[in-house]
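Take a look at this single chain, the form predicted on its own, given in structure tokens.
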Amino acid sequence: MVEDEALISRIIEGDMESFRRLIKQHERLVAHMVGRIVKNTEDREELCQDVFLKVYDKLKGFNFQSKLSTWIATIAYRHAINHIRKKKIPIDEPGEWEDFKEQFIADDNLEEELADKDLEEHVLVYINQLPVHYRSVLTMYHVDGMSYQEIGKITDMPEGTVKNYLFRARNLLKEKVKKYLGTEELR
């Protein structure tokens, strides 16, 4: 946090090289947050730029009550959600999906099958087919390594909802993997 404080101070003082460093440190996170919500490539690129402009404009108000990365991810997530709402792009609401029973857990047999059938590419496609909230929570937790609390802060969801969405996203993936592999049961 001390390093973040120094970086932010330099940016506020007008050091554009420090701002470029902040962008470099967080560009993957922002691209990931926006990319999981917005499908159009041109829109994604423009939104990522807009996010960093917002970060720059709001940096003076950052109060270090969360990690800088969490704060930036929050801006990216909300900006992307607002974009698809403005464009009236339907958001797949998780409530529309049926209830699922078991968590998506890759055991040794499944890992062997996945390697044998080169399913990694299919799993990425399946993740992109998830409703936006499930997809976002799943990737924030598993790819970005965020905690339930951080995800809740970014998405403005209660921790219980974050856990529920993660549970449902895993189960939905499990069902898709089972269908792809042609198996009835995964342990």
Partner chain sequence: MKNTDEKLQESIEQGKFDPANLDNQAYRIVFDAIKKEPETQLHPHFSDRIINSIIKTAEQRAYKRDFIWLGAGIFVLMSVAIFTMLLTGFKLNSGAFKFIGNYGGLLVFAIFLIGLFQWIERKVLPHKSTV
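Residue numbers count along the first chain shown, from 1. This one's a predicted model, so the numbers in the text were calculated from it and none came from an experiment.
Separately, the form predicted in complex with its partner chain exists; it is not shown, and the next lines address it.
F64 within 4.5 Å of its partner chain in the predicted complex, heavy atoms: Result no; F64 lies far from its partner chain in the predicted complex.
Verify the contact flag for D156: yes if a non-hydrogen atom of it lies within 4.5 Å of a non-hydrogen atom of its partner chain in the predicted complex, no if not. The answer is no: D156 has no heavy atom within 4.5 Å of its partner chain.
M146: heavy atom within 4.5 Å of its partner chain in the predicted complex? Looking in the predicted complex, residue contacts with its partner chain do not include M146, since no heavy atom lies within 4.5 Å.
Although its partner chain is absent from this view, report whether E45 comes within 4.5 Å of it in the predicted complex, heavy atoms only. It does: once its partner chain is placed as it appears in the predicted complex, E45 has a heavy atom within 4.5 Å of it.
Can we say T139, K174 and L181 each have a non-hydrogen atom within 4.5 Å of its partner chain in the predicted complex? Result yes, every residue of the spot touches its partner chain.
Can you name the residues of 19-39 that have a heavy atom within 4.5 Å of its partner chain in the predicted complex? The stretch 19-39, when checked against its partner chain in the predicted complex, contributes F19, R20, I23, K24, E27, R28, A31, H32, R36 at the 4.5 Å heavy-atom cut-off.
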